[in-house]
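Presented as structure tokens, the chain that follows is alone, the form predicted on its own.
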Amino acid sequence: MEELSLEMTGIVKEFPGVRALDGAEFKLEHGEVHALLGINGAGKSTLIKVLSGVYRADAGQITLNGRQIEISSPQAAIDAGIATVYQDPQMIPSFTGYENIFLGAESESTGLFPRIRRKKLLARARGLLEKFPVDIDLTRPVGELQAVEKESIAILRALSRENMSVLVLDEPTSILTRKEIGILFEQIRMLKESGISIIYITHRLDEVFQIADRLTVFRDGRNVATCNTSAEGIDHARIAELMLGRELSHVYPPKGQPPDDDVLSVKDLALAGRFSETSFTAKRGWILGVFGLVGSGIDDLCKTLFGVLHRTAGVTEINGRKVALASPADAIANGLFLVPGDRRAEGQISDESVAFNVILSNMARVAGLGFLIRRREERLAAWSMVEELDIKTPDVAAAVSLLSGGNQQKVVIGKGLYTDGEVYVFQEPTVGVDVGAKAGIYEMIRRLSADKGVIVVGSDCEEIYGLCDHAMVMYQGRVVMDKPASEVRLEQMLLCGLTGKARE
């Protein structure tokens, strides 16, 4: 048997309350493109973070080109010959292509003021282009380049390491057009022919059959299937079945009653280049679920609805009244609140107290003389929200960053409830939250839907299906499913998000 390029065996990684990897196995052959698949939370991202040195495994071993290695940091992974290109590669826009390629390794000299020889760097970068011929001007600032050119720069940065033998591509097509995807696939084939082994992470099953030799499906922190993409019986529907693989858990509350009147009505909402005309309603008494994967447009939809991004078309009505939501302040003033998907970056001020975070979206309620915060009212309001949402905190004066992930999420939700709005949009409401906290959040969302308009948006198909009374699915910026949940099967919903169509 030919020696493997990479073998990961018995990999275990635990976080508080969660075993993200449970004896995971993964094998990568020399010069192959191997797709790594799984629903949100399946463990594939954690496996890659262990491989790239972002996380350190609690148990297991990694063998690279027949030699067992220890990966304790991102630099250790790079030194071993493992490079990872993440979706939407991070670069310095004002730096040229060749400067970004060698960022952090600009000089071969040492000392306090190492000398950077730009002509030599440019010559080295052009040498890489001879091995990996792409049409790109390396002297232009990266900020002026197209998305696929930035992706190429990121790959060239990986290739600049002389011993690089394994390349991880994490959702590489999420921001690319169809034409750009074709260019990227040609580049991947060139890399494969040069002997580089590639791990390809994607939610788009069509791409798996176009570019991958083999695929591995992860579920619940383990490898549940590995096979050739050309194997008999392996198609989109079978992969969806492998990704799900189990009945819905009993953490979801009962479905809602027949819906009452419309609270929110959105007609032909659009954002040029991101998503096309989209219409939906949110009603009292039930939950609208919107499912979509990376590149589907769900994040842009949420931000456009909340006024963070400026729509190019569409009309929004709340309680039958047309509203112009040009900013988050407009949205909140008109009764619409978004609980964002990234709580740390978008939902909370981590160094501030629980009390401050709760009142942040409606500080006027506890302000005196127009601007001074009445501290007693602030504490009372915060304690009231702590009790309502069962937030575990020693005191409302404690910094939010000291709380567990589930309790931080509840604080962000509490901030929304404090606005006393009419419509609540929950984006990825339980990311980074343990199972126990999830059940509490689901119960709270269901209770809220009794007299408010509630929309739950996310990339966890099981969660959206388990919560919603009406299911909407987005794929590449358009709505491809819009049905009552009672008329939809979970596997249909997932397949629709993966391919844009569902098998009856």
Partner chain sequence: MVQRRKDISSELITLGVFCALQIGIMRVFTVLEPRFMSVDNLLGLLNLVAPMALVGLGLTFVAVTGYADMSFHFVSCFGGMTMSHMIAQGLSPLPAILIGGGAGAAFGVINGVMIGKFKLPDMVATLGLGAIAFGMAYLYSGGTQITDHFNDSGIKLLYTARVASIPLPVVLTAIAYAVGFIVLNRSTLGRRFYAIGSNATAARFSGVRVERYVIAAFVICAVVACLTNIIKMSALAKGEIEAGLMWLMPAYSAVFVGVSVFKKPTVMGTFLGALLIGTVQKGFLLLGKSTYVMELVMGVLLIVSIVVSRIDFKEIIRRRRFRAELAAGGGVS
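Residue numbers count along the first chain shown, from 1. Only a predicted model underlies this, so the values are computations on that prediction, with no experimental measurement involved. Heads up, when I say rigid core I mean the largest set of C-alphas that superpose within 1.5 Å between the two forms.
Absent from the display: the form predicted in complex with the partner chain. The rest refers to it.
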* To do: Using the partner position in the model of the complex, report whether R19 sits within 4.5 Å of the partner chain, counting heavy atoms only.
  => yes
* **Any non-hydrogen atom of E25 within 4.5 angstroms of the partner chain in the model of the complex** => no
* Though only this chain appears here, would P89 touch the partner chain in the model of the complex if you measure heavy atom gaps against 4.5 Å? -> no
* Is there a heavy atom of Q348 no more than 4.5 Å from a heavy atom of the partner chain in the model of the complex? -> yes
* To do: Sort through A231, A313, M363, A123 and report the residue having a heavy atom within 4.5 Å of the partner chain in the model of the complex.
  => M363
* Note which of F356, Y418, F102, W286 lies within 4.5 Å of the partner chain in the model of the complex, where distance is taken over heavy atoms; exactly one does. => F356
* Report whether all of R67, D79 and R157 sit within 4.5 Å of the partner chain in the model of the complex, measuring from non-hydrogen atoms. => no
* To do: Using a 4.5 Å heavy atom cut-off, indicate which stretch of 157-165, 187-195, 200-208, 336-344 touches the partner chain in the model of the complex.
  => 336-344
* Asked: Taking the partner chain in the model of the complex, which residues along 378-397 bring a heavy atom to within 4.5 Å of it?
  -> E378, P394
* With both forms fitted on the core, give yes or no for whether the Cα of D460 moves by 2 angstroms or more between the shown form and the other one. => no
* Does Q476 move its CA by 2 angstroms or more between the shown form and the other one when the core is aligned? -> no
* Yes/no, S327 Cα shift of 2 Å or more between the shown form and the other one with rigid core fixed -> no
* Structure fact -> Working note: in the model of the complex the C-alpha atoms of G41 and I413, off by 3 Å or more, come closer
* Asked: Any idea whether D220 and V412 get closer or farther by CA distance in the model of the complex, knowing it moves 3 angstroms or more?
  -> closer
